[in-house]
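Take a look at this one chain, the form predicted alone, written out in structure tokens.
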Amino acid sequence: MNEKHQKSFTTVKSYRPFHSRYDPCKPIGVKYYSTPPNLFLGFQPPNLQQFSAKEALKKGTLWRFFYDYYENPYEKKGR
């Protein structure tokens, strides 16, 4: 991977649905979807960094790489 691509990597992707000028409804705007981190790892390498047992129960996974915090992109910031 080049350096520019690494800085722009995110598990939240977005797209803008097609909107025809003849469509009677107003445009939807940008749609967002989340991709899980395990899609970007071909196999689980040995010695991955782990959470403590208590923290792993809260996060739902033992391995830090597989933890995916979900932040709702549709919520307005600054409320």
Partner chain sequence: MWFYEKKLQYPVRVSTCNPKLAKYLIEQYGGADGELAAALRYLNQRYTIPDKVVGLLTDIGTEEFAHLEMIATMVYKLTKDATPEQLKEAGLGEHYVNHDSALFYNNAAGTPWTATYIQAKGDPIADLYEDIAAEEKARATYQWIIDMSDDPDLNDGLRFLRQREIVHSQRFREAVEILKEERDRKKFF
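Numbering follows the first chain given and starts at 1. Model, not experiment: these values are computed from the prediction.
FYI, the form predicted together with the partner chain isn't displayed, but the following is about it.
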Exercise. Leu39: heavy atom within 4.5 Å of the partner chain in the model of the complex?
Worked result: yes
For this session: Give a yes/no on whether Gly60 approaches the partner chain to within 4.5 Å in the model of the complex, heavy atoms considered.
Result: yes
Problem set entry | in the model of the complex, Tyr69 touching the partner chain (heavy atom, 4.5 Å) | yes
Exercise. Is there a heavy atom of Gln49 lying 4.5 Å or less from a heavy atom of the partner chain in the model of the complex?
Worked result: no
